[in-house]
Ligand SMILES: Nc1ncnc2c1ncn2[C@@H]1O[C@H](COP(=O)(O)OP(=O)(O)OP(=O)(O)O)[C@@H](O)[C@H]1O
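This document starts with one chain, in the form predicted alone, laid out as structure tokens.
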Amino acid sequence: MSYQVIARKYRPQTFDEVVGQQLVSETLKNAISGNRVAHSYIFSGARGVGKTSMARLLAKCLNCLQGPSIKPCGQCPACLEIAAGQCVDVLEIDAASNRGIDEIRGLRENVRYLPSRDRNKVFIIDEVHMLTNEAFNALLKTLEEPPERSLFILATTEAHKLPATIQSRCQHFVFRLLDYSEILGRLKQICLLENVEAPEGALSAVAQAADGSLRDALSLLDEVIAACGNRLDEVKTRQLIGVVPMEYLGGMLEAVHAGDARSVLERIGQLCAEGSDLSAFCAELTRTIRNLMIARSCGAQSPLLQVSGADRSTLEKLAALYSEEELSRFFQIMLRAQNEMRYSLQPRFNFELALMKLVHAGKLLPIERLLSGVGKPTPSEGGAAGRRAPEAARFTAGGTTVSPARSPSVKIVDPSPGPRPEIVERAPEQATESAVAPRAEEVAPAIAGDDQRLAAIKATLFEQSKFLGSCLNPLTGWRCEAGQVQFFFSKQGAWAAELLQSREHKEKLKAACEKVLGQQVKIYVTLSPESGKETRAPLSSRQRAERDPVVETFRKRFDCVWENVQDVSRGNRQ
């Protein structure tokens, strides 16, 4: 056969032609220029990222008749034979099929002889992690003290399987996966050289399917050119390589947003009827959700998005439908489903279950919002949680949906029997289930007894950080007047005051206050004067629980009754 595939035809012949491995290229060029080439190297990385090509380039630079040089001539017999893989002094060994100790003993015998023609004898051992332990042991001494004018290059996709004794005798270079933009740029160059008319959408599909491997991308491009000819068709390209169009993925995510379970399941049925690979579609949907998360957090023009320009506008519109919290939850669900489908006898069932979780995930309220008593979200808050918040009490904790039982018991445990810092007394009737922020003109000076707004501030802060919300527990009083909010702490609560005085925590406290009070405020965190302060007896654990708005909201929401844990334990013993 006279035809040469694109992956072989356009293999890099100089360091400047290597795509995406600039750090390794520069290091090797400096070593050649400074005459500091080591006797053994390890090239590790994923498939198709340039390990073998770099090994051949290094051999060519060292054995070129015009060298050693970082720019081999490419015309001498050594350069031509190395590029064709036919040089007698450059041996490429496949360790996957020559993995025993006998093959390594033969290599040790061969390495003792000087090169037959070239300056150095180079041994390139591909997939070196496949060697047996006996073979590795036989190779150790040779790698540590190789004969003069010999060089070993060990290429592997699983460097962690190499013994530490082997790694300590070599210089290790890690080859990274290529970016989407790097692969796309190389595909455009090759299409120009091959006189192939290729729209960006078709090449974008090839670059996405390659998943960081340039060799895979070139092989896919060869396949697409064979199917489409010199003018690539985007629809046919996506069908051939199994990449789902963004329009279809967008329709699926819009159905999820609308809570349309029927449409979601019908789309899965359509894919199965067409013979599509559900595992591949699951991977595409997971990648799209990841891109939505990036678009929502970093913007649709972020370089982290590995999509074409036309798809960025679609992602921007879809990202506006969801909150960051929803997208991170979707991402976690799809990653788990993708892993489960690999080992399932019924992968379709796993996939359908995962999509049903996406549809119903928006109906679940975060536990912090449910217990804080802030109230049900409104449609203006955005996200599926605000659109479809149910009246029934449900919340999620660690990925598990919890439904209320009938008349549970709230047990109160006091882990520290000694006196505790006093908490500002709160009347249970003031802890409402819905704390509405008053208008700016309604904000009036407040003292320690005004707990309705303080409870709302604490709940808002608790949503951001449970630890930060707990810092308001030791409050002895607070005041809001003339755009200034003051929080007073006793000496026992000095630790909380010190934390809230830091710049980062103070900004979060300020944002919570402005959200509840409806106006811009300045925050002051101070210690209360000890003189003249009325001392009170420390509250019991039950009193503290009964006066805590979060516990009270929990009791009302789940129709609980109070029980003392000591009484319950005594009854169990009896």
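Please read these numbers as outputs of a predicted model, since none were measured by experiment. So that there is no doubt, residue numbering starts at 1 and follows the sequence shown.
Beyond what is shown, the protein has a form predicted in complex with the named molecule; the following relates to that form.
- Using a 4.5 Å cutoff between non-hydrogen atoms, R290 does not count as a contact of the named molecule in the model of the complex.
- A residue is said to contact a partner when one of its heavy atoms sits within 4.5 Å of a partner heavy atom; V18 meets this definition for the named molecule in the model of the complex.
- Residue contact check for R555: none of its heavy atoms lie within 4.5 Å of the named molecule in the model of the complex.
- Taking the partner from elsewhere, L178 is found to have a heavy atom lying within 4.5 Å of the named molecule in the model of the complex.
- Between the named molecule and the residues K506, K522, R47, K515, the one pair within 4.5 Å by heavy atoms in the model of the complex involves R47.
- Of the candidates E81, E127, D89, E103, E127 is the one whose heavy atoms come within 4.5 Å of the named molecule in the model of the complex; the others do not.
- With the named molecule left out of view, the stretch that reaches within 4.5 Å of it through heavy atoms in the model of the complex is, among 214-222, 67-75, 458-466, 263-271, 214-222.
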